[in-house]
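Just one chain is shown here, as structure tokens, and it is the form predicted alone.
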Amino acid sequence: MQSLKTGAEALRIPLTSEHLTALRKYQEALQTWNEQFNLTAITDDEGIQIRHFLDSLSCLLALEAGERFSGQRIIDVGTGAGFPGLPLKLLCPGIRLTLIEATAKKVTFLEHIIDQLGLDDVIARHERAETLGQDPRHRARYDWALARAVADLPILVEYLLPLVKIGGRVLAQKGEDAPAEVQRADWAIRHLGGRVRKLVPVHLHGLAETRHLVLIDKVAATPEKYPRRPGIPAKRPLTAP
């Protein structure tokens, strides 16, 4: 796990031997399952450690001094094989985590790895964000909504902001085009009750491109009509009238 250790040290994210053992177990399970199921296109050791694990853990850089994820209710939308939610759970075991994934075989893997890692307070759901955002059990119930590589930001905020309570936050992991995406999404963010807090540039060990964490505060209630029914946000992203 040397690539992960080196990268985490560069980001000043402390990893214990217990963390590394759990993440190694996660990596091995992901590689084994990927031989039969298409869970991820990234299958080599270094790729998993940097592009999946370290990239997920970089979400910790979005926290203000003294802030913690632990004790927070967090939903990870479009989590795929568990990113960024599960690596964050390993470092912050007090998180109450809900993983949302629309592909059934990936949910089956999530249930397996949650059991293998012995994680508590983690639920994997085979669901769409648009459906969950209109469910009273989930709408405006979360402290944080996270997403990585799910959709362009004008689409993504319609998935995430309805799930977050006022005073909560959205954290979207984005690439080099993040500033332009934020500009395109400005009206949608404000219309859905959000306000951009900051963009945090992230440099991962061994990767040339700069990534960004986009933080959005939930400052007002999302209008009841949002999110629209499944598929509509992607077909007709919100734009200024």
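Just count from 1 along the sequence shown to find any residue number. Remember, predicted model here, so these are calculated numbers, not experimental data.
There is also a form predicted together with S-adenosylmethionine (SAM); it is not shown, and the following applies to it.
Answer for residue 144 alone: is it within 4.5 Å of S-adenosylmethionine (SAM) in the model of the complex, judged on heavy atom distances?
It does not: once S-adenosylmethionine (SAM) is placed as it appears in the model of the complex, residue 144 has no heavy atom within 4.5 Å of it.
Would residue 110 show up as a contact with S-adenosylmethionine (SAM) in the model of the complex if we use heavy atoms at 4.5 Å?
Answer no; every heavy atom of residue 110 is more than 4.5 Å from S-adenosylmethionine (SAM) in the model of the complex.
Indicate whether S-adenosylmethionine (SAM) has at least one heavy atom within 4.5 Å of a heavy atom of residue 153 in the model of the complex.
Flag for residue 153 set to no.
Any chance residue 138 has a heavy atom within 4.5 Å of S-adenosylmethionine (SAM) in the model of the complex?
Residue-level check for residue 138: no, no contact with S-adenosylmethionine (SAM).
With the partner removed from view, which of 67 to 75, 161 to 169, 122 to 130, 86 to 94 is the stretch that lies within 4.5 Å of S-adenosylmethionine (SAM) in the model of the complex, judged by heavy atom distances?
Going by heavy atoms within 4.5 Å, the stretch is 122 to 130.
Can you tell me which bits of 13 to 38 touch S-adenosylmethionine (SAM) in the model of the complex, meaning any heavy atom within 4.5 Å?
Contacting residues: none.
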